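Encoded as structure tokens, the following chain is the form predicted alone, with no partner shown.
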Amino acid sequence: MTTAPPAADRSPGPSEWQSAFDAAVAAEERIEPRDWMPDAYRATLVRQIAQHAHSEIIGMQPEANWITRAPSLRRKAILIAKVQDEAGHGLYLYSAAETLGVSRDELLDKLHAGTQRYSSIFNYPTLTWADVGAIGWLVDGAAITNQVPLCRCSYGPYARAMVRICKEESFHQRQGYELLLALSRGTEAQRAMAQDAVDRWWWPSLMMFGPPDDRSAHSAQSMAWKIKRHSNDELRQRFVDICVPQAASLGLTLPDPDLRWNEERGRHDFGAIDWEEFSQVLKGNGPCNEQRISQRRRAHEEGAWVREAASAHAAKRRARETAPTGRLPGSTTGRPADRTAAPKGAPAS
């Protein structure tokens, strides 16, 4: 898709580029990396995609904490696969961000310096095995609710990355639900563990959708550009309506005494969210903020030799591909000339 106006005798002015961009967005056309786009649109995408990528990478930590303590080989294999998926999601998203003219190193430097954020949900601890199930059911369920509409994002590389990510997140949500179902049908202690995990993860999961619409600095413009398709409050309401019947099937209780069906609205009413807690976690005062970013910095530093080795291998491969082949005229063997030519004075074969 091209947002540039038709060629003319003169170069198009800023207003013409803007008009072409606006028309493409209104027509539900995809904006691609080589298309003209407003600086603010580019900056918004970089901020959102980077935050999403950082969340996938940081989000590996809470669950990886339980890989060595999974209760069975089956559970261990499932959890390893899930954590590996999250790493892949981060790579897809960093690649999408790079199409906007920023480097992965730049984004990671900002993450490590604390100038770019990741989702607040990953600053809470995983205290028991049941937390792995609660993260899968609630956290990944909230992620799916938020991310499926991003498959229709106006920016092509981001939208295409989200198609695969959402398919894999659906597996993660089912894994979490199935884990909690097993615990809720187990012993009294297992059922209590599952309920405790849901009690601790419910409210942070609702905060994942961001602040209320009247306090969200970016939602309105992102929706106008069709980066986002729904407001924070709309997505949060949708998530609550999905979770209530699922909790009933699990035999677990959502920790909200104000949660009830509103016949007039056709939606569930739910209690007030503690936005002060959300603000404090964003400021770095959550239970695990310091631990998460310190571990990320350490992993990055300890992995420097891997990145250097990969870069050296890539450089060697490029040099090999561009080096002269040394083939004799008319030769198709690809062998160096000094090996295929017979020595002087040797009898003809």
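Every value quoted in this text rests on a predicted model; they were computed, and no experiment measured them. One rule holds for the numbers: they count along the sequence shown, beginning at 1.
What follows is about the form predicted in complex with a small molecule, which we do not show.
Within 4.5 Å of some heavy atom of the small molecule in the predicted bound form lies at least one heavy atom of Leu282. By the criterion of a heavy atom within 4.5 Å, Pro157 is excluded from the residues contacting the small molecule in the predicted bound form. The small molecule is not shown here, but in the predicted bound form it comes within 4.5 Å of a heavy atom of Gln51. In the predicted bound form, no heavy atom of Arg238 sits within 4.5 Å of the small molecule. The contact residue chosen from Thr145, Ser119, Gln175, Thr126 relative to the small molecule in the predicted bound form is Ser119, the criterion being a non-hydrogen atom within 4.5 angstroms. Note on contacts: among Arg104, His218, Arg191, Lys76, the single residue with a heavy atom within 4.5 Å of the small molecule in the predicted bound form is His218. For the candidate spot formed by Asp131, Asp196 and Gln291, no residue has a non-hydrogen atom within 4.5 angstroms of the small molecule in the predicted bound form. Note on the interface: of 293-301, 52-60, 307-315, 29-37, the segment with non-hydrogen atoms within 4.5 angstroms of the small molecule in the predicted bound form is 52-60.
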